[in-house]
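Just one chain is shown here, as C-alpha cells, and it is the form predicted on its own.
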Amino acid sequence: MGTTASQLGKDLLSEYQELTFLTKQEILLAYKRFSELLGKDEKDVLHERVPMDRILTLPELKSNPFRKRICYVFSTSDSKNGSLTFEDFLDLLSAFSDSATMEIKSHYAFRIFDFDDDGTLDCGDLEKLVNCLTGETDETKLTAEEMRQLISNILEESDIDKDGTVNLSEFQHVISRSPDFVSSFKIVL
C-alpha cells in the first residue's frame, strides 16, 4: 500500500481528498484499480486515458444498464469517446460514493439520463431510460402503447412547468421525494 501512496504523492493525494468525496483509502484503491486497466506500454497512470471498453470490464460497471452513458458523462475526452483519465475516474467514483450529496448525485443522474445532452429529459430520453431499465428483449420490452402511457405518467408527475420535458430542477424535485435514491446511486470498488 505504501508504494501506491508514494507513486501518487502525498500532496496530490491530499488534493484529491479535498476535491472529491473519497477517503484516502478509496483514492488509493481507485489508483490501483485504474492502474490495472492500463495496457502494458502505458505506465503514466495520471496522464493516460483508458478506453471505454476497458473501463466497462470493471465488475462494478459491467452489469449497470447505464454503463456507457456513465463513461460518456464523466469523460473529458475531446473526441467524446467515453475514455477516462485517472481524474475522470475519481470524479465518477466521487459522484457515486456514499458521501456525495443528493445535489451532486441528482445532477449526475440527470446528465446520465439526458441521452441527447440537450439539458432536458424529453420523450426520447425517457424512452431510452425505460429501455435501459427494462431491457430491450422481446420478453421485457414494453409495447408502444405501454411506453406511451408510462412516459405520459412520468411527465404528468414530473413536468411541473408543463413544457413536455423534465429539466434539472424538476428532476431534483422528484428525486428529493425518493428516499432510496441516494443509497442506490452508488458504485463501490
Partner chain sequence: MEVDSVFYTDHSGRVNANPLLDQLPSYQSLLYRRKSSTVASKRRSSSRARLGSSGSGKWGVSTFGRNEEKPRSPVPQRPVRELPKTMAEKRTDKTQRQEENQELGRLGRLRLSARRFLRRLRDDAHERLSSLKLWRGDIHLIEGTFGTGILSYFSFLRFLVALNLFIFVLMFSFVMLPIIVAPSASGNITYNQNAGGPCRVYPSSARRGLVIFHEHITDLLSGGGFLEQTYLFYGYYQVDKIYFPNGTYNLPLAYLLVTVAYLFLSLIWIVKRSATGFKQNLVQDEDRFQSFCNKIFAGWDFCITNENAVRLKRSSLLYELKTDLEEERIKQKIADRTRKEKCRIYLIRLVLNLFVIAVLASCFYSIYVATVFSQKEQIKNNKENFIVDLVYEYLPSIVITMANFITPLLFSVIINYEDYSPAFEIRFTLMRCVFMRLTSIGVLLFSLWSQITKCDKEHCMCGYNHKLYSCWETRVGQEMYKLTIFDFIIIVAVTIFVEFPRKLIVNYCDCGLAKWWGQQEFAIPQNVLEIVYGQTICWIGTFYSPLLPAICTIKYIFIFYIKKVSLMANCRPATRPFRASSSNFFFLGVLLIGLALACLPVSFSLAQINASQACGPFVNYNTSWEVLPATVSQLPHGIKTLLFALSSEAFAVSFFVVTWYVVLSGIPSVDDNWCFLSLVILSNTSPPPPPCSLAMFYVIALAGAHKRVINQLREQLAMDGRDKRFLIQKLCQAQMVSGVNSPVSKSQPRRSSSRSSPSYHTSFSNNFNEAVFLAQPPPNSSTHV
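Only a predicted model underlies this, so the values are computations on that prediction, with no experimental measurement involved. Numbering follows the first chain given and starts at 1.
Although it is not shown, the form predicted in complex with the partner chain is what the next lines describe.
Although the partner is absent here, L90 sits close enough that one of its heavy atoms falls within 4.5 Å of the partner chain in the predicted complex. Among residues of the shown chain, L56 is not one whose heavy atoms approach the partner chain to within 4.5 Å in the predicted complex. Contact check for Y108: a non-hydrogen atom falls within 4.5 Å of the partner chain in the predicted complex.
Using a 4.5 angstroms limit between non-hydrogen atoms, L8 is distant from the partner chain in the predicted complex. Along 98 to 119, residues T101, E103, I104, H107, Y108, F110, R111, F113, D116, D117, D118, G119 each place a heavy atom within 4.5 Å of the partner chain in the predicted complex.
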